[in-house]
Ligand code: FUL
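Let's start with one chain on its own, the form predicted on its own, as structure tokens.
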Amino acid sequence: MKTIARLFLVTIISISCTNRQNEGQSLPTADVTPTPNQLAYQKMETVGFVHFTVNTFTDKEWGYGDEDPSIFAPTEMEVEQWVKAAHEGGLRELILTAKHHDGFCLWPSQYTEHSVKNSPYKDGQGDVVREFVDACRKYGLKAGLYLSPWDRNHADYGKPAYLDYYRNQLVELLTQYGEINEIWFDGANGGDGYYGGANEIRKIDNRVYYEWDSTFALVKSLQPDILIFSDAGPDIRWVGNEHGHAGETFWSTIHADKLVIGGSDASYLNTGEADGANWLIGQCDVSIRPGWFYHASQDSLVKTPLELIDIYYKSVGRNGVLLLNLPPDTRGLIHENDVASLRGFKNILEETFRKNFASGKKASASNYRMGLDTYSPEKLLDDDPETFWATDDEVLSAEIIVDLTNPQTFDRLMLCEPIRYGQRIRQFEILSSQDGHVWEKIAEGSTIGYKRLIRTRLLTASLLKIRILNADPSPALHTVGIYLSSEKERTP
């Protein structure tokens, strides 16, 4: 019995020591990290926008606010067609313009007559927001809503009373339609409008008028898990352009106190800041057409699958999230040209990233954390984004070699950081070799983040060397990917 008791005690001590040792070996996080909801959002990679309102029927981009609701008369309206097209194109969320600057509401708001309830759509009994969120849930997409802060129709815009109206509509949208994943606020603020019949210019101070702090607090009180987009976050930020391009250097970290909704420096938004105090996901918005609303004259100007692929590399491939706009036409359908282009875009992505030549191969590193298998370079090639390679705390630069066993021909590379521990790597370069003696530098860059995609010329090599030249804190990566692009990309 004494022997058994002694063995039991030794076992308990051993487990206790092991637990304490493991605690000391855990990866230190950066000062700023994403929330679980932000992390889940980033993993969606591509989301969609649906711009649809009276502008669709007036052939305008921005409605003036004096439109008669009777013009909102889609002939073949099918919201499920929008969502199905987005789903089949690989989008994981859709955001609907519940109200654009013209003030026309796609739901029967009790606070205005300027809405679908006074349109011919379903004899005034329609609710596009309801159809939209129901369709998103049917096809497994997250639902988001856009409520324009500017309202060119409302008589009180520019006055304190308008804030009550605006917030009342937020309450409607965030209490009557179930879970909303994202609420979208932009920086279009004030100017000429109809304003209840007063055809005039109304200016507001966008830094104080909307009382954004209390408006955001209201949103979070209604739906605590919702993500808020604006120039200044607090969860997702604009990247400073409508081309869908994040900066070559792109930090999720940024100083939010330097940002003003509707008045931020575009170049700062487009890069972020290595030592920024806030984690704001960069959202790269772009329309599949030249305009954000449907115009028949643009049916031949829809971005091609290859143009969308280029945008993907400059958004998702630079640590951003791609927001692609799909505007329904006057029928109430996403046009066939848009659907075909989106489907072609997804097919190219699937073909390119179907096979990772590095998967299951061998890897070595100049350092890995305390020599533990948990952090070994083999974790880079195990197809599991939850495992990762990392160095000791004091090691801020390191070298990884991936052995492909046999020569492989490729032209696409992927690096991914485990961003739940923060964005850490500040400079890297990649080299390739046939024999391990002669190395050729094939790529270099600064930030990596959630995902870094690199396009190279067509190369053949059996060895790949990744040099992390600078990181803070110590570097970590969860995946190295080596791919050959789809023939559709390589064929003129």
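Numbers follow the displayed sequence, beginning with 1. Treat the numbers as computed from the prediction; the structure is a model and nothing was measured.
The following text describes the form predicted together with this ligand, which does not appear among the structures shown.
K.L.:
With a 4.5 Å heavy atom cut-off, would you call residue 49 a contact of this ligand in the predicted complex?
P.N.:
Yes, residue 49 sits close enough to this ligand in the predicted complex that at least one of its heavy atoms falls within 4.5 Å.
K.L.:
Please tell me whether any heavy atom belonging to residue 250 falls inside 4.5 Å of a heavy atom of this ligand, as the geometry stands in the predicted complex.
P.N.:
No, residue 250 sits far enough from this ligand in the predicted complex that none of its heavy atoms falls within 4.5 Å.
K.L.:
Give a yes/no on whether residue 186 approaches this ligand to within 4.5 Å in the predicted complex, heavy atoms considered.
P.N.:
Close contact exists here: in the predicted complex, residue 186 approaches this ligand to within 4.5 Å, heavy atoms only.
K.L.:
Is residue 182 close enough to this ligand in the predicted complex to count, meaning some heavy atom within 4.5 Å?
P.N.:
Because no heavy atom of residue 182 falls inside 4.5 Å of this ligand in the predicted complex, the answer is no.
K.L.:
Quick one: from 235, 417, 102, 285, grab the residue that has a heavy atom within 4.5 Å of this ligand in the predicted complex.
P.N.:
It is 285.
K.L.:
Pick from 383, 88, 80, 242: which has a non-hydrogen atom within 4.5 Å of this ligand in the predicted complex?
P.N.:
Answer to the contact question: 242.
K.L.:
Within 4.5 Å of this ligand in the predicted complex, counting heavy atoms only, one of 170-178, 406-414, 285-293, 304-312 shows up; tell me which.
P.N.:
Within 4.5 Å of the partner lies stretch 285-293.
K.L.:
At a 4.5 angstroms cut-off on non-hydrogen atoms, which residues of 113-146 are near this ligand in the predicted complex? List them in order.
P.N.:
Going through 113-146 in order - heavy atoms within 4.5 Å of this ligand in the predicted complex - there is one hit, 146.
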